[in-house]
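There is one chain below, alone, in structure tokens, taken in the form predicted alone.
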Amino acid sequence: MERGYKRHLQAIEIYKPGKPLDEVRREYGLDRIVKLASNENPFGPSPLAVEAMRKAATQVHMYPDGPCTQLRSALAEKLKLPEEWFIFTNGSNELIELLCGAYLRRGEKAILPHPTFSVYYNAVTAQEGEKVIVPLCEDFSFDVKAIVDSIDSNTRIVFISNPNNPTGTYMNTEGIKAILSKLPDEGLVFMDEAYAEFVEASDYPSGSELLKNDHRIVVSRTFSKAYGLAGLRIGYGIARPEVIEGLERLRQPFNVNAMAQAAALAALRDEEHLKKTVENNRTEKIRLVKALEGLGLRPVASQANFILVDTGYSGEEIFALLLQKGVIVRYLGPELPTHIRVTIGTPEENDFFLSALRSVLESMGT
């Protein structure tokens, strides 16, 4: 029987998340499992956020605050931006879908570095936009010249995951400005800053600062990574009011639940928890890179809370063997056949991963 849904949707690959802990525990009969696959905060949410969720749980019989009034006010104060420049979404994914739904017509172009976050491709396909794929450089840095050369009068969105998922590489301020210099006035640069809290590079561009001087920027931020609220699905966008208006017309009422709003507001106030998270990431990244290089592997320089590693073997096989030892990492598919992506965990989690990886490599003849 012929499928009933729109034919062009057949080009969208169904997203496959990392294996959940319970599934791996049941499948392999393991007592200890370390998940380093989805770039989550290894320390979990802030204790203040947990307490805020407990209090909010007593009010879940009521609809949430649609405009996220308190969170909007707190972020506007923190970032020194007008409150009307914000939109709140059910994770960053919803913002990406709203952007394409509001601003990308059939046949119009969206520029996509490759590889990058797969949701961009799917959102463009869903709107029947034309995907302009621009491969990353050999070292996984952005090919800014190729991106700029790809821009024409029909370009409506340029997606820049910054730092880029799954590579951890980033585009500097000069790169973003070069893109803006060629972009049509009706075009938009989507700056996805999901991992911005972890960046150490001095020339990393702040999308919200660039937005003060250029209306063609949409910034995406999330509470899923550094703030440890991935399970609550809460993100936000920053853009000029005239851009926000189009997004708001598509946003569903009450799209961000009450517990997520309460937790995010509390997490913003817990600067010590964020500082602990970022410092652990900094020190453990240095240690992990050194250890991986000591094993003869090739990690990609990362500005995020994960490391892309060229194992020199089948990434799918490495993934499967690590799984048997209780370590969940991310295999990225045939386009990166020898690579795995590893979230930076706690020192104990990273030690467990390194021990398992050494054992796997030894079994493969390294």
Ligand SMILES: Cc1ncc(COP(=O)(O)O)c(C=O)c1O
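Treat the numbers as computed from the prediction; the structure is a model and nothing was measured. Each residue number is its position in the shown sequence, starting from 1.
Keep in mind the form predicted in complex with the named molecule is missing from the figure; the text below concerns it.
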*Is there any non-hydrogen atom of Lys285 lying within 4.5 Å of the named molecule in the predicted bound form?*
no
*Within a 4.5 Å heavy atom cut-off, is Ala194 in contact with the named molecule in the predicted bound form?*
yes
*asked:* Although the partner isn't part of this model, could you tell me whether Gly228 comes within 4.5 Å of the named molecule in the predicted bound form, counting any heavy atom of the residue?
replied: no
*asked:* Even though the partner isn't displayed, in the predicted bound form is Tyr120 close enough to the named molecule, meaning a heavy atom within 4.5 Å?
replied: yes
*Asn257, Ser150, Asn165, Asn172: which sits within 4.5 Å of the named molecule in the predicted bound form by any heavy atom?*
Asn165
*With the named molecule left out of view, which of Ser224, Ser208, Thr155, Thr125 would have a heavy atom within 4.5 Å of it in the predicted bound form?*
Ser224
_Residue stretch of 290 to 298, 261 to 269, 68 to 76, 112 to 120 approaching the named molecule in the predicted bound form, non-hydrogen atom distance within 4.5 Å_ = 112 to 120
_For a quick check, can you give me the residues of 87 to 109 that have a heavy atom within 4.5 Å of the named molecule in the predicted bound form?_
Gly91, Ser92, Asn93
